[in-house]
Every structure is written in C-alpha cells, then in structure tokens.
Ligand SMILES: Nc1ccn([C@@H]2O[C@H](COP(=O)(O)O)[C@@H](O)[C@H]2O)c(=O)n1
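Before any questions on how it binds or moves, here is one chain, the form predicted on its own, in structure tokens.
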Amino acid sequence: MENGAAPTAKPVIVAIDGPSGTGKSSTSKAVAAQLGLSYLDTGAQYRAITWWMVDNGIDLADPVAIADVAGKPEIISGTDPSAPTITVDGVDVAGPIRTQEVTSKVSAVSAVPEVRARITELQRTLATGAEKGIVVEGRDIGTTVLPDADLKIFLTASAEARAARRSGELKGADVQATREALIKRDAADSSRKTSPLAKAGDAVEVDTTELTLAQVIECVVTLVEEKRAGK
C-alpha cells in the first residue's frame, strides 16, 4: 500500500471472541472507535431474543417452543461504537437485556440451533455491509459466524480476574458467586452442540489477566493496524 493511502484502507473485519469478563465489550468498542470501524456486540443480540422470549412467556425449558418463535422478533443493532443501540420490535432494550433474569437464561436460549441460525444470519449481514469494516465480538465469531474474518482475536483471563471485573460491573455482586456463575456459563457455552465457545485455530490469543484495559486496547489496535498494513 502506498504511503498516505490509510484513509482508503480496505474494510477490515475483526472477530473478537472469549468468555465473559475478559474485557471483550470495552476493548471492542474502544478499538472500533479509535480506528473508525463499526461495532457489533453479538451477545446483546442473544440477550435481546432471550428478553423477548421471557417477555412473551415462552417456555424456556422447551427447545421446540423456543425454535418455533425464533423468527418472530425484529432485532435491530446500531453499530456506532460510541453509542451502540439495540431494539426489539422497535423497543429499546439496552437496559432490560442486562438484568439477572435474562443473563441466567441466555445460554439456554442461545443453545437452540434455530436461534443461532437466525442471529448468525443477522450478524453476517451487518458485518458484510459495514463499509469501513467492523469489530464483531462474541463467542463463536471466528469459528462459525465469520470464519473468513481478516483478524481473529481470542481474549482470555483467569476465572478470578473475570469474576472481580464482573462483580465490579454488577454493583454489590458477590465475587465468589459471580465466579461460580461465570464458570457455569463457560461450561454451558463451551459444551453446546451448536457453535460452542471455542478459539479458532488461526486466532491470536491475548491473556488479559495481568493487563489493564488500556493495554489490551493498545495490543488489539496494533494487531488490527498490522493486518491493515499487510493487505
């Protein structure tokens, strides 16, 4: 690439995967904002469809009942990293999807193949339509949703570090209880048959246990810029 051609850099698709509490959302939003890319929190989409199921009284112990209505809610994700939005049937659900009730049920809903197929299609449409490129964060982006992503990053951290971060976010949360919940969620997400939480073979692993958020962001920005320069 010629010098000075950076403003017309080819769109880059960045997949950032990893379990809860590794700093995925904060890192992804900051990297996207810094590099002028779009941003997509795929976990919010699964939370949104879970919220809709709870709100509509769907029996979440019945995968067939979940599958039957997976196509009903209209989920729209705004991809501006400075102000990401999410609506379901026109209702702003950014707050409601973060409740403990939704959090405790999202693994069950997202394990249903019909739900994953529906949400994966939404994610691919948003990613391929991002004119300047996009940072997509989740659990199966590099392996299933965008296997041809330009750059794949897998964030990890010790269970203790992740629990401390999460309980800091969830005001008044018990660190030990949070740690147990995270481990349970990891096990559910890693062992599900459809698109489990897994590190892609060609992903760059970044252990965030001993790093500050600023250091993680700097590391990922460097990886993206190297990938852009090598195109």
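Because the structure is predicted, anything quoted here is derived from the model rather than measured. The numbering used is simple: start at 1 and walk along the sequence shown.
There is another form of the same protein, the form predicted in complex with this ligand; it is not shown, and what comes next is about it.
**Student:** So, in the predicted bound form, is K132 in contact with this ligand at a 4.5 angstroms heavy atom limit?
**Tutor:** So K132 does not count as contacting this ligand.
**Student:** In the predicted bound form, does K152 have a heavy atom within 4.5 Å of this ligand?
**Tutor:** It does not: once this ligand is placed as it appears in the predicted bound form, K152 has no heavy atom within 4.5 Å of it.
**Student:** In the predicted bound form, does A44 have a heavy atom within 4.5 Å of this ligand?
**Tutor:** Answer yes; at least one heavy atom of A44 falls within 4.5 Å of this ligand in the predicted bound form.
**Student:** Does this ligand come within 4.5 Å of any heavy atom of R179 in the predicted bound form?
**Tutor:** Contact check for R179: no, nothing within 4.5 Å of this ligand in the predicted bound form.
**Student:** Note which of S158, T85, S107, T99 lies within 4.5 Å of this ligand in the predicted bound form, where distance is taken over heavy atoms; exactly one does.
**Tutor:** Flagged contact: S107.
**Student:** Taking the partner as it appears in the predicted bound form, which of 30-38, 44-52, 198-206, 57-65 has residues with heavy atoms within 4.5 Å of this ligand?
**Tutor:** So the stretch in question is 44-52.
**Student:** Does anything in 57-95 come within 4.5 Å of this ligand in the predicted bound form by heavy atoms, and if so which residues, in order?
**Tutor:** Counting only heavy atoms within 4.5 Å of this ligand in the predicted bound form, no residue of 57-95 makes contact.
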